[in-house]
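Listed next as structure tokens: two forms of one protein chain, kept apart as structure 1 and structure 2.
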Structure 1
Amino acid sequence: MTAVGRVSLRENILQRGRNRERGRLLVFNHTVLLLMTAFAIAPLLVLAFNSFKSNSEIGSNPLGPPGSLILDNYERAWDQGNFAITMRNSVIYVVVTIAAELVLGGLAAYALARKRPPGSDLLMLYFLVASTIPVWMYIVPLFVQFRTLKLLGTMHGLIIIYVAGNAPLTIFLLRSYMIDLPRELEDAARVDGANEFQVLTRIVLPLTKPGFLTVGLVVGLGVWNEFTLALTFIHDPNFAPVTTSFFKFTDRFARDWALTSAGAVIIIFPVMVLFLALQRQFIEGLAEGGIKT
């Protein structure tokens, strides 16, 4: 009884001290948080503001919110940037790359996580090293190869580069999700007469969905934002993604900031909405699989 009383008194004194400390800490924390979020969002806000102004208004008021909303910039940017076509192209690049990547990577990761054929360790080492080597390391030979294989300037050619470039990291991450799955579930399904394909599609895939979502988002963000490869391998504007068409667009309208800002917002907006919507699952997915403490 007395012991309990003493503990709660001590707790009480400690608690009061902690509350004061916590109050000071809260102010400090929020100051840092405000500064950092300002640093993150200020450039985006200025961009959004300027996309609604005329160029003369940007001249007199380069930072603040627009006096009135001018939607004209968006209309012009959409036409001049050829966004109707390039936006469609980018969606194709992203969707097809993610689909191919997840099928290819999923099969390979399953083999490595579950079957462990001889040579698995060597393959993992290769994937790890390869995942750090960017395409720029071998772009010239790749270019020559693409000319020989008649893949140069084609959409499926560029998709092949994206799938191959992302494959090592995809396999690496997906494998670490699958290796954690309890084997008993798969064995139980086999006892019930499921074949290998059914085990993969009915048991393993549904359980590793968060992993596939996270990897899909990593790959998708990368492909949507990719720029240098598309610039090198695609020359026909009808096959170009939004990033290269935006690059050429800013070259042509270097002085027209209202137009450039509207173009940038058109590119950023869709991914930003998607990223905000999926952020929580994304971090949880990373925490569950690839990133182990």
Structure 2
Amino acid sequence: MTAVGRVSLRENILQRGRNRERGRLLVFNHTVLLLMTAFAIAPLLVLAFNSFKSNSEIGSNPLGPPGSLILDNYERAWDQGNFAITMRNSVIYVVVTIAAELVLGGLAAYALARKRPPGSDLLMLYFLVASTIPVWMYIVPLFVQFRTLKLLGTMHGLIIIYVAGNAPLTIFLLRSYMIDLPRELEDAARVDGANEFQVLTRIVLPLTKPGFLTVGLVVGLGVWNEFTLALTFIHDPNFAPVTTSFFKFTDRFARDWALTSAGAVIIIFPVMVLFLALQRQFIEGLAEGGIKT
């Protein structure tokens, strides 16, 4: 065998070894992904199964598929949970909070990213820390303050809390998008006579659209699923959000698990539809925001 032939044979052997190694790695990766998918989907599947069962069947068969479909659970859960009112309230909370966060947070993030006022880096550190503080650490003084201001039990009072609570994360994420935008585009717009507001709306906003979409989804999901603040600051059922509907399925000594499961599916369904429709933009936007500084 010639030297060229030996080299070619050696390369073929190495290539086959690399292909086998790559194949084993793909099998391992796919196995892990399948296990993670099953781990994520299994609770939702059990919840969907239980929403079609009776309470007695849930007690005897809590994990398996239903023996017969009880579609009436959804109608009863909708009426008993007062979902017509609570879902309307939650939509109001979500829409108003997202709108306020994007407008106010966008303006603040633009000012911090482009004007760079003194102490802006310390302020961003404060926003990062504030976004991780659990609500239980300040809920008592906040309750006292809102009682003094006569904002307890009002929708606009709860919206103020949602906007203020989500503001640190909103500003932190949006600034991380804006700070790396090329300044040449903004300078060119200013040379053409654009003012700061036009630069923001016509140059910066289109370039940071994924960031605004990500912030809107994160804030919207957080407000839709929020329970603690709503339970503490809202006492009128006509102003209660959708998560408080679970109380309607509990009496003094027991809980109706069939209606609870059906109610949970009703709450989760619009969120799942929205996330599946926008999952690519959400994941890409969150990843891009996470790698920027």
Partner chain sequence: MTLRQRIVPYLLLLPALVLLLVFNLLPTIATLVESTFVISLRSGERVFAGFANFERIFNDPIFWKSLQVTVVFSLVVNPLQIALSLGLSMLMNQRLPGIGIFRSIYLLPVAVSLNVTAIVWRLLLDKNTGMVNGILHQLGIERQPFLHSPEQALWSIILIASWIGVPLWSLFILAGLQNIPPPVLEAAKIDGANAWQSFTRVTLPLLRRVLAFVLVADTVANFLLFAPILLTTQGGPQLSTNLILYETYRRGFLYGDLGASAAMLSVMLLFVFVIVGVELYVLRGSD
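These numbers were taken from a predicted model, which means no experiment stands behind them. We call the rigid core the largest set of C-alpha positions that still match within 1.5 Å between the two forms. For residue numbers, the reference is structure 1: its sequence is counted from 1.
Looking at both structures, it is structure 2 that matches the form predicted on its own. Superposition of the core reveals a Cα shift of less than 2 Å for P237 between structures 1 and 2. Shown in the overlay between structures 1 and 2, fitted on the rigid core, is a CA shift at F227 smaller than 2 Å. With the core held fixed between structures 1 and 2, L71 has its Cα displaced by at least 2 Å. With the core fitted, the CA of W257 sits 2.6 Å away from its counterpart between structures 1 and 2.
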